[in-house]
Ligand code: ASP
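Only one chain is included here, represented as structure tokens and corresponding to the form predicted alone.
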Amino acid sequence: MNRVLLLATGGTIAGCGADSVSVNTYTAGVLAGDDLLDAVPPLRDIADIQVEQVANVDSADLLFQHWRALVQRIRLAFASDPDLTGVVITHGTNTLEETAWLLQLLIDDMRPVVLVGAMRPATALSADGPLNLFQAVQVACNRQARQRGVLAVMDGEIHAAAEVTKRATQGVGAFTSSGAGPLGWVDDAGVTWSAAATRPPTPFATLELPKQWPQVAVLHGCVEPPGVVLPALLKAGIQGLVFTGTGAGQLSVVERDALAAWPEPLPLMLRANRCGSGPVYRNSEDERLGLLAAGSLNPQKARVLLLLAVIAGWNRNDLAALF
């Protein structure tokens, strides 16, 4: 029998509305993980599932302490139980991709960690949470899920942590993997993979997470951004900065001049883009200002990477070598 650890953190999948037709107005993180499991009796047929409640919040309200607790619990579970098949995490959709990417950078084990959420609360007509949860456990129990890193399962699609992103505010098909496409699909026919397993890197596998995390900000590119914002952040002593640049990660002259004029050492900085897909390439002029290209990472995932890089004590050369 497969054995799965289910870590519940709340979100819409555990949310409740006033009635069955309330799909936009509801409270996230109401039901406990045991309630989610009890709502899907067929799960008992495919795995012996141990449920633990890590948090019960809207994922917009997740804290660094929740991330730290998840990492510590997963590491301990894999280290202490060689017969554990995998881990499933129920999670709100708003920041699911960030948690998935964080875990990908930190969890070094061939066994799958699968995140799953829902776009409709548990009380809604045609709630998508129960089927999503069943399919997430299906994937976690699939032998070919090993060596694929951290995964997300939504609406019958299996996504890699590095690629998955929430693309829409409504609809059960709100998640996509820009450019790469899903790693596979899951339904009543089982789990189907689009390619052979390729284990992604885990550059912070041995990193211990502190109670106090660094401050890393995200700036959104726009026409003539306020000139006071960037200097204020630098003066406040932020330790990392992600620019959500226009186009292929381009900064405005306002931002470039502010960086050039700053008299003190600059924090670690990455350039992502606001387009939603497509890479950001290296640029020698930007690198002279201390700006590194974030590649295909979106701004929120670039921020997660910077958080861990700062905790690990990386410098700009260390970060550049990763890309």
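The structure displayed is predicted, hence computed values, not measured ones. In this text, residue numbers run from 1 along the sequence as written.
Form predicted in complex with the named molecule: not shown, discussed below.
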Considering the named molecule in the model of the complex, find the one stretch among 256 to 264, 38 to 46, 288 to 296, 24 to 32 with heavy atoms no farther than 4.5 Å from it. 24 to 32
Going by a heavy atom distance of 4.5 Å, is Gln239 a contact of the named molecule in the model of the complex? no
Taking heavy atoms and a 4.5 Å cut-off, does Ser178 contact the named molecule in the model of the complex? no
Test of understanding: in the model of the complex, would Ser59 fall inside 4.5 Å of the named molecule by heavy atoms? yes
Looking at the partner-bound form in the model of the complex, is Asn94 within 4.5 Å of the named molecule by any heavy atom? yes
To verify the annotation, which of these, Ile158, Val164, Ile89, Ala118, has a non-hydrogen atom within 4.5 Å of the named molecule in the model of the complex? Ala118
